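Given next, in structure tokens, is a single chain: the form predicted on its own.
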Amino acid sequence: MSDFTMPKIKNKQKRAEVYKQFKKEKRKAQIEERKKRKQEEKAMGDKAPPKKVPKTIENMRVPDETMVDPSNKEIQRDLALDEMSPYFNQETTPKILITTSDRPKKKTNSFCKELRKVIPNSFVKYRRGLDLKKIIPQAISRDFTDLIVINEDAGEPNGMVLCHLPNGPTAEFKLMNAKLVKELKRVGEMTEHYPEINIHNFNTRLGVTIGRMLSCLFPHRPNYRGRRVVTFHNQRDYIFFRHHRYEFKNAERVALQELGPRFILRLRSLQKGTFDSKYGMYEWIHKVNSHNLKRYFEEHSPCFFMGLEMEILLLIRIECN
């Protein structure tokens, strides 16, 4: 049955039946073709052609100009001089301040308390109507190295602001699918051992910056006795957070037990310096994908640097004058 005959059938019920039959026949033909191909491979043995690699969004990615080569000396110099370098040089000890939007609901409060358990040396303080610009100097004077603000909508956590202190940068995320420990099944008990950090698939210049900011939340030296591991996995511009304990079943098998909580982040903007929504200089802002391709990732694409645009505008003004 051909696809082109279906739109000509005016009766909706009959058209649905014909389409269902067409899909069934197509599926049957695919199974027969797969069986035939396996028989040919078995008969040919080592001379069989290599298996076809299925097409996925990941392996069909548009080539990215901002992918970072860790061995590049220029990249290494930039990272050695960025705002997070004191942490990676072990000159600072992470101390995290966690707060919320004004008058948070029950789930947001519980989410912050669970974040405090996940992140060592972190403290939850209630906002009490204070502006972030007033909170940041107080946090710096008390030797906090990072500020996390959890925002909410209709009682559900829906946003996160991560500000690295004292000189920034500041990242704003959309927070989705937040699940508390009590909402998960078969979770284990969380211990106070320092966790291992797994930052995965942050390969672009923007991704490296975000990965370094997330790393700065946790102590330098994990306690391997606790077998805790915190994972930030970046896939298609979504950052998946998971918290596990690994268990050795035997010398070859290892199992994971989730400890919770879990949530997903998506970057909205990256700002130079500490939080300043009015006069802050944005390095990157999430834009609608103008390429209109599913395999073109915004966060992995050439970044939208407002600072560069401002410099170009200044050069044009100088030339005009």
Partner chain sequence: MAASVSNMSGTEENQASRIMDLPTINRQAFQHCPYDIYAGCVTGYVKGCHMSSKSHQNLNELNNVSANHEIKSMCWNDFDESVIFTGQRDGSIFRYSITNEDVVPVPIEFSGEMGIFRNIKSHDDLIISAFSKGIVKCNRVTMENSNLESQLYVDIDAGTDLYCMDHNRHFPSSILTGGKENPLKIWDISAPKEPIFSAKNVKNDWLNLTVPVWVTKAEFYFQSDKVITGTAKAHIRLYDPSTPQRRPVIDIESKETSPITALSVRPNSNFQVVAGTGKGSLVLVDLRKKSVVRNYKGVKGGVTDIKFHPVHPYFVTSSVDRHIYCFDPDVPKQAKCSSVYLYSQINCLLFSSLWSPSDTVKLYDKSDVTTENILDKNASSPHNEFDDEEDTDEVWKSLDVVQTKRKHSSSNEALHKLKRKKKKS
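Because the structure is predicted, anything quoted here is derived from the model rather than measured. Residue numbers count along the first chain shown, from 1.
Keep in mind that the form predicted in complex with its partner chain is missing from the display, and what follows is about it.
With the partner omitted here, the residue from 42, 55, 278, 52 that has a non-hydrogen atom within 4.5 angstroms of its partner chain in the predicted complex is 278. A heavy atom within 4.5 Å of its partner chain in the predicted complex is found for one listed residue only; from 31, 60, 285, 254, this is 285. At the 4.5 Å threshold, heavy atoms of residue 77 reach its partner chain in the predicted complex.
Residue contact with its partner chain in the predicted complex: residue 245 places no heavy atom within 4.5 Å of it. Taking non-hydrogen atoms only, residue 272 approaches its partner chain to within 4.5 angstroms in the predicted complex. In the predicted complex, no heavy atom of residue 212 sits within 4.5 Å of its partner chain. Residues placing heavy atoms within 4.5 Å of its partner chain in the predicted complex fall in a single listed stretch, namely 69-77, out of 69-77, 91-99, 173-181, 231-239. In the predicted complex, 205 is the single residue of 174-210 with at least one heavy atom within 4.5 Å of its partner chain.
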